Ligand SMILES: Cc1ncc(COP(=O)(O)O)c(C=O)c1O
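Here you get one chain, nothing else, as structure tokens; it is the form predicted alone.
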């Protein structure tokens, strides 16, 4: 409960106050339906397809969707497009909650934005650090390298390909998905001998397949031992709205001086519309991806995507301020209990699985799951071929105990058969 007491920005707001705040924010924006705005290559959504129905007055997120504000740029740094200043302010409120109250940044010591997803947010981090090393340390492209585990999300090799960087894949233990520190040190030493001097580290807070959480200190200790320059990014795209709430002793946040940026996805656990990620970094870094050529944009374009929907930011704002911290802790606690229920049932059947103790993903050895059961319950395989070794179950909000009980009963019948 200490975490909840220490909240600065996050609180639960009543329905009418939430609605009023969003409506006031929209009033502070340009109104394409009424204002004479001649210079913007934008408008409200097409009136032949989308219309201002009466029910929208009680649906502020849908009102924002129709109003179509552009949240181009980074609203924590410098100026932003004044035509959309109202909803920009609500995006900043979201970032304050996440950066300060959840991930322990000091107020006004971070930058960030609501991105079109975790993939972009991870690539944004790699791009930012690549440029930091090239601009501030005069690094050559071939001297920079990415370090990340073999369980890391595919956005990392995608970013490596886009940014023309090598990715060094760190092996993990098959059973407990922990980084092999011996192999990690050998890989770092070999990289140094091959001319790599600058390391961009991606540490996972909830991998996509296993929900496994890397210990950032595994990277930090070895990199410092070998006296190499590095920047550390936390990919919390899945775990960012789970792990900090289930593990109250977590230090995977900005209280660790070696952690410089974090990705979170709102379209997973937070149940925001798809295409809603979040990128947060310490002050003094995001300037390295300034696109100076975007001079017609008021303020600075510091993001990979450029234009982005303000409706996604308002959706996140609505969710956070509808729940408040107490209700969110409660929601995560319920999911943890359901996850533990499933694990207890699997233990009774002597079925092997992996579960990170503070996460709500259970990944089961494929040998215990008949194909017809996997298909019936939409279990996700590690790979879609005959070599698959794992199936995962994600305990999302819609997964009730009765769903789990039915699944277990069928699994039990197949085991005893």
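If you're wondering where the values come from, they're calculated on a predicted model, not measured in any experiment. Numbering follows the first chain given and starts at 1.
Below, we turn to the form predicted in complex with the ligand, even though it does not appear here.
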>> Each of 25, 70 and 88 having a non-hydrogen atom within 4.5 Å of the ligand in the predicted bound form: is that the case here?
In response: no
>> Taking the ligand as it sits in the predicted bound form, is residue 117 near enough to touch it, meaning that at least one heavy atom pair lies within 4.5 angstroms?
In response: yes
>> Please tell me whether any heavy atom belonging to residue 268 falls inside 4.5 Å of a heavy atom of the ligand, as the geometry stands in the predicted bound form.
In response: yes
> Going by a heavy atom distance of 4.5 Å, is residue 238 a contact of the ligand in the predicted bound form?
Replying inline: yes
>> Taking the ligand as it sits in the predicted bound form, is residue 149 near enough to touch it, meaning that at least one heavy atom pair lies within 4.5 angstroms?
In response: no
> Which among 165 to 173, 151 to 159, 89 to 97, 129 to 137 is in contact with the ligand in the predicted bound form, heavy atoms within 4.5 angstroms?
Replying inline: 151 to 159
> If you check 80, 105, 312, 122 against the ligand in the predicted bound form, which one has a heavy atom within 4.5 Å?
Replying inline: 122
>> If the cut-off is 4.5 angstroms on heavy atoms, which of these, 303, 208, 261, 339, is the one near the ligand in the predicted bound form?
In response: 208
> Does any residue in 173 to 187 get within 4.5 Å of the ligand in the predicted bound form, counting heavy atoms only, and if so which ones?
Replying inline: none
